[in-house]
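For reference, the chain that follows is the form predicted on its own, supplied as structure tokens.
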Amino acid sequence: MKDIVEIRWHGRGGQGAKTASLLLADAAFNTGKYVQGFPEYGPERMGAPITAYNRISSERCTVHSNIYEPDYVVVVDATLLTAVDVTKGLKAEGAIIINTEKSPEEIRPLLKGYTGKVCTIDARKISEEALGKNFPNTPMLGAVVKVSGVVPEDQFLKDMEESFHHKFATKPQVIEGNMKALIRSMQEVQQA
């Protein structure tokens, strides 16, 4: 991993992009990295486009701005591909990770000429099968870890299980479902 990895998340209010970015920051922090995880607030309403960010570094990071040239972009809602310029500033040596049932090859024409790696994951299907509802942030989080390598996978899964045990102490079935969603997404993410 290079010294600093920057990730920009695009989602809609209520889909958990902000939560996923904060969980990724926690997981990276647990591996000894310096982290930032923060949302960009606008009109906070359910369904409105939102942006969240991560900076993960092996050294203290003194930059505290939005991320304009990310290494990775995560698109939690594919409808944003036509509503927001999700590839703006995205480095060609990075990757874009999109929640869609389509293949990377089918999605590439929608990405305004982006030439880097395109990854897709059907986070809706995974979350509905593992959790019984559409909570795309958990599968997207697993896909980001798999594609970026920003956190060692085994350490990430261990940290997430501990976090879920704390967060869902009274709902053990939710812990199992979230872990299944993470593992499946790491196995099923397509890259091209």
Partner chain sequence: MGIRDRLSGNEAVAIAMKQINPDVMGAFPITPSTEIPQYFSQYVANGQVDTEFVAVESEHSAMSTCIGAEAAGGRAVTATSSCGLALMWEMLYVAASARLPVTLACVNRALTGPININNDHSDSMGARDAGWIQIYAETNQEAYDNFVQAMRIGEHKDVRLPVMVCQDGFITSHAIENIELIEDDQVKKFVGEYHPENYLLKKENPMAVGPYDTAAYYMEHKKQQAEAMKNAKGVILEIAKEFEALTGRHYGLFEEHMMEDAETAIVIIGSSAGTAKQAVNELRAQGKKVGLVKVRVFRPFPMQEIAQALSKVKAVAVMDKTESFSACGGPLFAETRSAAYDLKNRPAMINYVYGLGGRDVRVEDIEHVYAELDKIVKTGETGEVYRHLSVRE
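Numbering follows the first chain given and starts at 1. Remember, it's a predicted structure, so these values are computed and weren't measured experimentally.
Here the subject shifts to the form predicted together with its partner chain, a form of this protein not shown in this document.
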Contact residue in the predicted complex, chosen from Val35, Leu131, Val147, Leu157 - any heavy atom within 4.5 Å of its partner chain: Val35
Asp26 within 4.5 Å of its partner chain in the predicted complex, heavy atoms: yes
Contact flag, Leu22 vs its partner chain in the predicted complex, heavy atom cut 4.5 Å: yes
Val63: touches its partner chain in the predicted complex, heavy atom cutoff 4.5 angstroms: yes
Pro39, heavy atom within 4.5 angstroms of its partner chain in the predicted complex: yes
Which of 149-157, 132-140, 55-63, 119-127 sits within 4.5 Å of its partner chain in the predicted complex, heavy atom basis: 55-63
